[in-house]
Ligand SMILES: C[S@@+](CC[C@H](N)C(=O)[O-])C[C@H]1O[C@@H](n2cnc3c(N)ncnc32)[C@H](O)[C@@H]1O
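Next up is one chain by itself, shown in structure tokens, the form predicted on its own.
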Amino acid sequence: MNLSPEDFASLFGIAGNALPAACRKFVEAADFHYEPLQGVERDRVILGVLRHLDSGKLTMVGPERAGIWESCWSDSLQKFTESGFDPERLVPDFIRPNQPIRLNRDYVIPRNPRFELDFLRVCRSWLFARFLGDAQSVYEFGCGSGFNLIALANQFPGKKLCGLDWSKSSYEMVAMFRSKLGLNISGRHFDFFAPDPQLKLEREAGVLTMCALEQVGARHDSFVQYLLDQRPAICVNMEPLAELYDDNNLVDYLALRFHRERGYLDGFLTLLRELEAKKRIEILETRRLEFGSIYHEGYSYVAWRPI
């Protein structure tokens, strides 16, 4: 089986001819062939997931992991500099090649070892085109290696971008993109748990998080309040959204178990829905892309704006 441009358009909830040219180019350049898992092979993957969940080795997210992320992005910085500043060296290690993946609430085996990364590139291009094209500037919070910012800079040359992270290695690496890659990107420190009110967003700014806000668990109120105070034009959060799973589906149930064992983002979409009911924000779109890694789906998104 193979994912076509029309399949991606369906995932995004649009007609096939409405898929942006940049997305179509990514789809046509990549190999999206896959084999559905059945019988013994599917059971083997499920058993492996269950054993991992029961291993007692899963660690909880939270501020105590700051040292781990500092080490992670320090390694990325070293790879980036030693490669002569090759952006391909910035792909995060959590996007693993040669793994079974989740697709349409089941497990499949991709033919392409870079299936997950290529899928993300298509979805990322779609998000940027749909929601961030009109933003005067874009701030990515929890930017990690900065590889999303480079993609955004390439899609919208000249747009003013800023990458923020609690890791010193992360925002120092992002700050290098201006001198080493010629991109209009700056970097600075930011803590989701204690946002700096002195950090003022520019008017008509866009806000982006991608698989980053997941690390705050249930402690997202301070960040949401910061955004309400700053009043950006648009906020786009591509994160694991537990509210979108169906716990009557086995594959979803396992994802929920993993999500809760790790302490990932908890109640975020529920909070946004409550704020919308109070007329404090407008939710523009919520979408589950029915895609993820072997353990969970990190690529659902919600787009919203303060009122």
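Numbering starts at 1 and runs along the sequence shown. Nothing here was measured: the structure is a model prediction, and the numbers come from that model.
Beyond what is shown, the protein has a form predicted in complex with the ligand; the following relates to that form.
Which one, Phe115, Trp73, Tyr139, Phe80, lies within 4.5 Å of the ligand in the predicted bound form by heavy atoms? Exactly one listed residue reaches within 4.5 Å, namely Trp73.
- Message: By the heavy atom within 4.5 Å rule, which residue out of Tyr107, Tyr226, Phe156, Phe192 makes contact with the ligand in the predicted bound form?
- Response: Residue within 4.5 Å of the partner: Phe192.
Proximity to the ligand in the predicted bound form (heavy atom, within 4.5 Å), stretch among 131-139, 226-234, 199-207, 212-220 = Among the listed stretches, the partner-contacting one is 212-220.
According to a 4.5 angstroms non-hydrogen atom cut-off, is Gly144 in contact with the ligand in the predicted bound form? Gly144: contacts the ligand in the predicted bound form.
(message) Would you classify Trp69 as touching the ligand in the predicted bound form, given a 4.5 Å non-hydrogen atom cut-off?
(response) Taking the distances in the predicted bound form, the answer for Trp69 is yes, it comes within 4.5 Å of the ligand.
- Partner contact for Ser125 in the predicted bound form: the ligand, 4.5 angstroms, heavy atom: Flag for Ser125 set to no.
According to a 4.5 angstroms non-hydrogen atom cut-off, is Pro92 in contact with the ligand in the predicted bound form? Looking in the predicted bound form, residue contacts with the ligand include Pro92, since a heavy atom lies within 4.5 Å.
Next on the checklist: Going through 150-168, which residues have a heavy atom within 4.5 Å of the ligand in the predicted bound form? Please give them in sequence order.
Outcome noted: Heavy-atom contacts to the ligand in the predicted bound form: Asp165, Trp166, Ser167.
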